[in-house]
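Before any questions on binding or motion, here is one chain by itself as structure tokens, the form predicted on its own.
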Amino acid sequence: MSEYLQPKSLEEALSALSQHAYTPLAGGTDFYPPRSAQIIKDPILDLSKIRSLQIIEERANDYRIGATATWSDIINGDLPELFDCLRLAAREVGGKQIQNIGTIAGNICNASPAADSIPPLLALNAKVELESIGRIRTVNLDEFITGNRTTLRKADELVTGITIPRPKQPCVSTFLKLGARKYLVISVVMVAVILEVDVHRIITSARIAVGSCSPVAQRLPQLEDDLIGKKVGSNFSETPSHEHLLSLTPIDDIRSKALYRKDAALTLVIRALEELETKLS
């Protein structure tokens, strides 16, 4: 078995995975740091030459982002306002060099609690496309990530794309990240918010996700429900309270205390809603 394989097609990659336990690698920006203290023994399947996996496309009922689309592809792609939250998150991922090579699927497969893409993708109702020889299955992102750095991906599967359904109404969205400094930082708290508003300027759908405050980023369903029916101009940004964040389970670590994280999460949710309320006014 080769210790390093760089297939040129998806078929070649899936065939290799069906025969051997390769570790798929796309951008590789977070592959070596966690393994720096040990000899890397896992055979590598380098996906960077499979061009079909990098395509971002608009389809009849959804949008599809190929697994190896980079952060720069997302920043510069021709995506509608719905994706502002994901574009803003992409700008927060490392520096330009990381954005040019790091991939969106690598970020979700790495499944860090502080992964920048997860809150906006949760708010986008993203689904993960998994492919093996003779089989394609699609799972919701909130089901795909099962815990801190664990996912549903099977050894013979590749994540080939991420799909996002079209919203029913016009949308506005945003993403806010708090860290110890402005750039090149792992988050203390992240918040992504998407609001759909009808012709009467009534909120018909609200999707709010918080990251870095639990083993897996999560939505705030009670707050989402409480925002539905609010009218633009009614100061709906005053709706959030600590009770809406009770499901979060932040920890004390080197970057922050748990209590600070929870307070900061509420502040960021309010700020995100204030920003969108201003944008809609």
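Numbering starts at 1 and follows the sequence shown. Please read these numbers as outputs of a predicted model, since none were measured by experiment.
There is also a form predicted together with a small molecule; it is not shown, and the following applies to it.
For the candidate set P221, P43, P215, G28, a heavy atom within 4.5 Å of the small molecule in the predicted bound form is found for exactly one residue, namely G28. Of the residues A180, V199, L184, I133, just one reaches the small molecule in the predicted bound form with a heavy atom at 4.5 Å or closer; this is L184. Contact check for V139: every heavy atom lies farther than 4.5 Å from the small molecule in the predicted bound form.
For the chain shown alone, I164 is not a contact residue for the small molecule in the predicted bound form, no non-hydrogen atom being within 4.5 angstroms.
Proximity of I98 to the small molecule in the predicted bound form: non-hydrogen atoms within 4.5 Å are present.
When contacts are judged by a 4.5 Å heavy atom cut-off, L47 counts as touching the small molecule in the predicted bound form. Stretch-level contact analysis of 164-172, 204-212, 75-83, 88-96 against the small molecule in the predicted bound form, using heavy atoms and a 4.5 Å limit, identifies 88-96. In the predicted bound form, every residue of the candidate spot (P24, A115 and L158) has a heavy atom lying within 4.5 Å of the small molecule.
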